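Before any questions on how it binds or moves, here is one chain, the form predicted alone, in structure tokens.
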Amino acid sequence: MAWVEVPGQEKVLKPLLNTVIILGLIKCANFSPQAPAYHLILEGILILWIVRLLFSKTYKLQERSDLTEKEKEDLIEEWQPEPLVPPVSKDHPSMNYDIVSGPPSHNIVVNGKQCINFASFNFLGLLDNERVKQKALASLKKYGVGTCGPRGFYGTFDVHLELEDRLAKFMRTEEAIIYSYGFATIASAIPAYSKRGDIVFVDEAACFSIQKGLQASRSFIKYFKHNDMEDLERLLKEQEIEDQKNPRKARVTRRFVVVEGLYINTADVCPLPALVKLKYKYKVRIFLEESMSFGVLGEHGRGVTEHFGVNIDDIDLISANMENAVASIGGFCCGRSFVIDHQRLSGQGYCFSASLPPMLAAAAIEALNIMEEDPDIFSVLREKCEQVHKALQGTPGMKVLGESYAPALHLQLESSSGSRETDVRMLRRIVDYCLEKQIALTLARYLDKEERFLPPPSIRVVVTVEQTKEDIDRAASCIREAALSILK
């Protein structure tokens, strides 16, 4: 410790020093033989330390002469700021787009070449459906292009309320709420309920939108191994023991389990019946993200609850986007009325984003009409999925990841090269080879540095009801040829 030199410092410090010394001498004079010896030693050390501080060498603030204008200019020219973001090679896959011309329906034009589409999540083929387009066009003429306002600020249209009512009835829940952006749906729903201090148990394979919702919630996150109910129960038991140590805190701590119905990163389904048993055993709430299973699984396309025959009331909140099977934009949550109404006041994507364009809401309503009128479409999709899954088996140097009824499968390398970049380049060459043969595939894309558990590189193969057996056989043959040529 040192003192900054101040004018008149000695005039202030010398009297103070004299006072300290006098007090010390008086203390010594009054020293009683009965007092412990360490007492005197300690006081003596303290006095010496104070004297040292008072007479320690002072310092002056660093002085420097003013720089000339030329020197300032030279310093500015020499200074190099750190990059705002890390440098990215122009060869990076995300920097090179495949340009689509026209609707991404069964036949898609990519980079000027017409291909059979095995890349877009148009599971039910409704994207280019004439009925859906006509409803959207009529809505466009009536309402205009957008809404220019959130739901609470003149952004609520009658068509929004109709869509929410139709979704709630379709899913057989009390109420539904719609969002204008699919990604923001679950990312807004999670932090609307789970706050700082709450606990969320999450599957390691959870999609990126779930991860962003968890991050925004600032809750305490505990990951369990993918679809491993024993690992989840282990974590729940550990938490139960912790709660017993502090029951007062446990009474105000909310606990959630967040899973996907059909995982986009692994193409397998969650063990929902086992999750429901754990819910009631350990008193947790289940949030179910169904973007990949809504309009796909179940006899009527209601998702994984219908697929397993689980009572939908056993699930506290269901979330899904309308950008896959429904072929529109946005997303929705459904459940009990008191649960859903809470989002109207605290769902960030609902409160602060412009509401869904009416023409897209109208398109979603017509898509629901088609799904209700023709429930056989779901069994057709399932058959196509099984055909694709079977056709891809035995692809040289590659393995198929996912359930046989999943509409978006993954093709991974059987043996990694040891370098993620090298693996991605090899898979990209397979995609390019197939594109030349008029089969449109895509790599599964991830934000490598943002993902909590980064999945291995893969090619995503998407199934739709419009694909014929000839299309499937042609695509499988093309992928085999590419694998033999590139992975040899």
Partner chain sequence: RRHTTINGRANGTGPPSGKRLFQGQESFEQAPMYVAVMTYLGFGLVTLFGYFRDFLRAVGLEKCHIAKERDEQKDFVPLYQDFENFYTRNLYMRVRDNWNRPICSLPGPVFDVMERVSPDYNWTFRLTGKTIPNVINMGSYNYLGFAENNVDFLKTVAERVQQYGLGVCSTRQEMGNLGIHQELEELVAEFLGVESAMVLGMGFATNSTNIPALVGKGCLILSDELNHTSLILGARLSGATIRVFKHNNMQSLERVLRDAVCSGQPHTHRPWKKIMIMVEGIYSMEGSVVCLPDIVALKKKYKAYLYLDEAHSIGAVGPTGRGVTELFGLDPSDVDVLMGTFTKSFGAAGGYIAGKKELVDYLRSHSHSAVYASAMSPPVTEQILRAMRCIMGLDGTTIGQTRVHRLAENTRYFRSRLQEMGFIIYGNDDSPVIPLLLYMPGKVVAFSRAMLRRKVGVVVVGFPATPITEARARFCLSAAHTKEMLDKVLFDLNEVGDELCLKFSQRKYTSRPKEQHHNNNDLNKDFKQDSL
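Small disclaimer: the values here were computed from a predicted structure and weren't measured. Numbering follows the first chain given and starts at 1. Superpose the two forms; the largest set of C-alphas matching within 1.5 Å is the rigid core.
A second form of this protein, the form predicted in complex with the partner chain, is not displayed here; the remarks below concern that form.
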Heavy atoms within 4.5 Å of the partner chain in the model of the complex: which stretch among 400-408, 214-222, 230-238, 385-393? 214-222
Listed residue that, although the partner chain is not shown, lies within 4.5 Å of it in the model of the complex (heavy atoms), from 357, 335, 301, 261: 357
The single option of 202, 177, 269, 327 touching the partner chain in the model of the complex, heavy atom within 4.5 Å: 327
Residue 442: touches the partner chain in the model of the complex, heavy atom cutoff 4.5 angstroms: yes
Answer yes if any heavy atom of residue 165 is within 4.5 Å of a heavy atom of the partner chain in the model of the complex; otherwise answer no. no
Contact label in the model of the complex: residue 451 to the partner chain, heavy atom within 4.5 Å: yes
Applying a 4.5 Å heavy atom distance criterion, does residue 310 contact the partner chain in the model of the complex? no
Going by heavy atoms, what in 180-198 lies within 4.5 angstroms of the partner chain in the model of the complex? 180, 181, 183, 184, 193
Do you see a C-alpha shift of 2 Å or more at residue 344 between this form and the one not shown, with the core held fixed? no
Residue 195: Cα shift of 2 Å or greater between this form and the one not shown (core-aligned): no
After core superposition, I'd like to know whether residue 274 moves between this form and the one not shown (criterion: C-alpha shift of 2 angstroms or more). no
